[in-house]
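Shown below, as structure tokens, is a lone chain in the form predicted on its own; questions about how it binds or moves come after it.
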Amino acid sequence: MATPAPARQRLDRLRDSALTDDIEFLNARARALGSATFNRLLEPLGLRVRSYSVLACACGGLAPTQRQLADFLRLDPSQIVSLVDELESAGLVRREVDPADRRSKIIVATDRGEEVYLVAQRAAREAEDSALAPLSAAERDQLRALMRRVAFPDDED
């Protein structure tokens, strides 16, 4: 959604503030812009960015526990429970006993969940293309590599 011209002019003045040199601000703003687009594209599937993230982790045979999801996605465990409840009610995932620890539950995508995830993945690419339109393919690859280094600093050798 485009910002009307007078409002855009008022916002343009803020671009000169010191805040626009703050990487955390830039990251948060870029994420907010991208998430808004992604949520709009996911809406017909009954998903949002966070539920998509849980579904993505459940797909592909990784069988994460709820605790692993909370740690990986940096969400409170109660938020994961709520997201899994929503996905389970929609028939997209199911909870199963973890064979490695019978006290834990793993989250597994259903066949329908796998199908919805494939459609949602296309929406993810579309949202990414929209958000990163100003960047070349090489710049996107560089940004992805840099963001991985920041997101997973323990992966450094």
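Remember, predicted model here, so these are calculated numbers, not experimental data. So that there is no doubt, residue numbering starts at 1 and follows the sequence shown.
Note that the form predicted in complex with another copy of the chain isn't included here; everything after this is about it.
Participant: Counting only non-hydrogen atoms and a 4.5 angstroms cut-off, does residue 84 reach another copy of the chain in the model of the complex?
Facilitator: Heavy-atom contact with another copy of the chain at 4.5 Å: absent for residue 84.
Participant: With a cut-off of 4.5 Å between heavy atoms, is residue 97 one of the residues that contacts another copy of the chain in the model of the complex?
Facilitator: Because no heavy atom of residue 97 falls inside 4.5 Å of another copy of the chain in the model of the complex, the answer is no.
Participant: Is residue 64 close to another copy of the chain in the model of the complex, meaning a heavy atom pair under 4.5 Å apart or at it?
Facilitator: Residue 64: contacts another copy of the chain in the model of the complex.
Participant: May I ask you to state whether residue 43 is within 4.5 Å of another copy of the chain in the model of the complex, using heavy atom distances?
Facilitator: Answer no; every heavy atom of residue 43 is more than 4.5 Å from another copy of the chain in the model of the complex.
Participant: Taking heavy atoms and a 4.5 Å limit, what residues of 29-46 are near another copy of the chain in the model of the complex?
Facilitator: Contacts from 29-46: 29, 30, 31, 32, 33, 34, 35, 38.
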